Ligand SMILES: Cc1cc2nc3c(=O)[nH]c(=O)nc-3n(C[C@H](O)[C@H](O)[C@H](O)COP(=O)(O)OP(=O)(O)OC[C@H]3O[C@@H](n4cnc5c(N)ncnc54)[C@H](O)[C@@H]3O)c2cc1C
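Below, in structure tokens: the form predicted on its own, a single chain.
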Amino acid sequence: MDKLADFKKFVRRDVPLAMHTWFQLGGPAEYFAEPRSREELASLLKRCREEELRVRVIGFGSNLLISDEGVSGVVVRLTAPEFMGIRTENGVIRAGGGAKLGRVVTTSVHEGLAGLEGLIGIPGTVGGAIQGNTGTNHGDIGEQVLRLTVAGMDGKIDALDREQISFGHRTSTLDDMIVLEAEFQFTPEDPVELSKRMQKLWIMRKATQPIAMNCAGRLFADPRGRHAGDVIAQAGLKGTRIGGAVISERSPNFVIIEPECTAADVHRLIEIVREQVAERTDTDLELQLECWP
């Protein structure tokens, strides 16, 4: 008996996930859900709790590696208009959890609201960026969060003020929640000067990372006081290849995915890089890529 038969209007079986990830790799989801409202999402989460079905949320898939076998349980994607909107009012931007981070960044700059311009060029959704506290040397997204609306895995929807949320380096206390909407606060600034700064940061990012390539992704967090790419280069691992997965010559902390690549190739490449870096530089690299399952 299909445990989610009542939700067939927005839940499908055995949906390939590769098309929803930056790497374009991975097998199918047992269930794939695109709820059209908060109410549908809440009902689905309650049923999943009752049926002991694991729930995962997929956004832009820019930092995600899915196994070739796929994943069990339910994969949720927030693509309905209710989860994608972006509104500006009195210096505050409200954005749905499924909205593209890049659109929020450019909207804030256009409105003369400073604080997120350092995130230009980083792919992802608002919800995913907040959960992982996406950031650069110019600041983290959590610094601008004023308030959130979230759904717990039990289907309960709550509003959280900034004081109720803790952000750390690429972490938050939101792992067991789904971000439905975020409110951001900013510092007013001249839009022209803000736009110039954003453009400069965009040029710098393009010069140092292969972000123009859809099938490329960052692998490791930077060790304290060093760049992971520098450590990988020091270990002599530029251009290392396993099947269709290749360590970038230009940016060694990025893997390039070639057409014949499998998720297993990437996993094996990660293992080899970590082993060789530890052996040759006495450095333990922490994986920044999220892997399912």
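From a predicted model like this one, the values you see are computed outputs, not experimental measurements. So that there is no doubt, residue numbering starts at 1 and follows the sequence shown.
Absent from the display: the form predicted together with this ligand. The rest refers to it.
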Any chance all of L116, G142 and P191 sit within 4.5 Å of this ligand in the model of the complex, going by non-hydrogen atoms? no
Which residue, V105, L78, V71, A182, has a heavy atom that falls within 4.5 Å of this ligand in the model of the complex? L78
Only one of P223, G135, G152, G112 gets a heavy atom within 4.5 Å of this ligand in the model of the complex. Which one? G135
Contact segment among 87-95, 124-132, 192-200, 159-167, judged by heavy atoms lying within 4.5 Å of this ligand in the model of the complex: 124-132
Heavy atom to heavy atom, is F10 within 4.5 Å of this ligand in the model of the complex? no
With a 4.5 Å heavy atom cut-off, would you call F254 a contact of this ligand in the model of the complex? yes
Using a 4.5 angstroms cut-off on non-hydrogen atoms, would C261 count as touching this ligand in the model of the complex? no
Does this ligand come within 4.5 Å of any heavy atom of I58 in the model of the complex? yes
Using the arrangement in the model of the complex, list in sequence order the residues of 18-32 with any heavy atom within 4.5 angstroms of this ligand. W22
